[in-house]
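One chain comes next, on its own, written as structure tokens: the form predicted alone.
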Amino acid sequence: MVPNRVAHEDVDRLEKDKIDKRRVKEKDSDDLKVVESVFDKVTVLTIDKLIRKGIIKNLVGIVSSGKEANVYLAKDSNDVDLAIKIFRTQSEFRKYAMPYIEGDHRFRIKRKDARSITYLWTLKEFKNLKLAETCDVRVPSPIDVRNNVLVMEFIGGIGGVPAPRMKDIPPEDPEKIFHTIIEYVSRLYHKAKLVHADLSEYNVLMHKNMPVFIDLAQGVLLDHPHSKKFLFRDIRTIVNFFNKLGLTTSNPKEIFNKITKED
């Protein structure tokens, strides 16, 4: 098991290392055991490599758990909070992911097994986050990606408290946040040539009274055969949410037409 191997290597270094270094390594080993209890050996090896490369120092605890992935709070070498998203390599996930990967010229699907598709999916989110940053859309800044593990900026407060989803904490100023979200959608479309494709109140965090888009793995480029269908779905979902908050907004079709006519 990888955690035991790491622990044995730490024992070999005890004669030369200081006590404080030993404690850090023991904490790393404990973190790997936690991950190993949920994920497979390859994932544990990936976390191990991120620790050895200095990308992360240790895992602190779980932030959220979903059907596709878990998000963990971690620390870097300067004790800055990071978010570690670990996707599960499950066979049923492949059917869900394929419509968003096929038709994306950035990726060549050489194998369609669950692990290969999961790795592509993780890389896809990393690339989409990078694109979103180029057009000033607020997203967690991507830091590194390896296999099914994505390292990114932690969105939250002091003490590792994650920012709430918009679903759980509705915005204090719905009109302002609605227009900001639609502006982000427009920037993604025109500047990044990207559609979120899964935008909803579940995938928007509220941080410092501003929206932050998350979960961009589904995002597709404009040349994807279903990009406009996904764009309209995103707009309709957001409009419906804000209508429930009592905000009288434009018709989803009008917003869709305005964004696409500017193309």
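Quick caveat, the model's predicted, so the values are computed rather than measured. The numbering used is simple: start at 1 and walk along the sequence shown.
Not pictured, yet referred to below: the form predicted together with a small molecule.
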{"query": "In the model of the complex, segment of 79-87, 99-107, 174-182, 112-120 with a heavy atom within 4.5 Å of the small molecule", "finding": "79-87"}
{"query": "Complete contact of G61, A74 and V149 with the small molecule in the model of the complex (any heavy atom, 4.5 Å)", "finding": "no"}
{"query": "Contact assignment for the small molecule in the model of the complex, among K67, K53, K41, K208, heavy atom within 4.5 Å", "finding": "K67"}
{"query": "4.5 Å heavy atom contact, N203 to the small molecule in the model of the complex", "finding": "yes"}
{"query": "Proximity of L199 to the small molecule in the model of the complex, heavy atoms at 4.5 Å", "finding": "no"}
{"query": "4.5 Å heavy atom contact, D215 to the small molecule in the model of the complex", "finding": "yes"}
{"query": "is_contact(K167, the small molecule) in the model of the complex, heavy atom dist at most 4.5 Å", "finding": "no"}
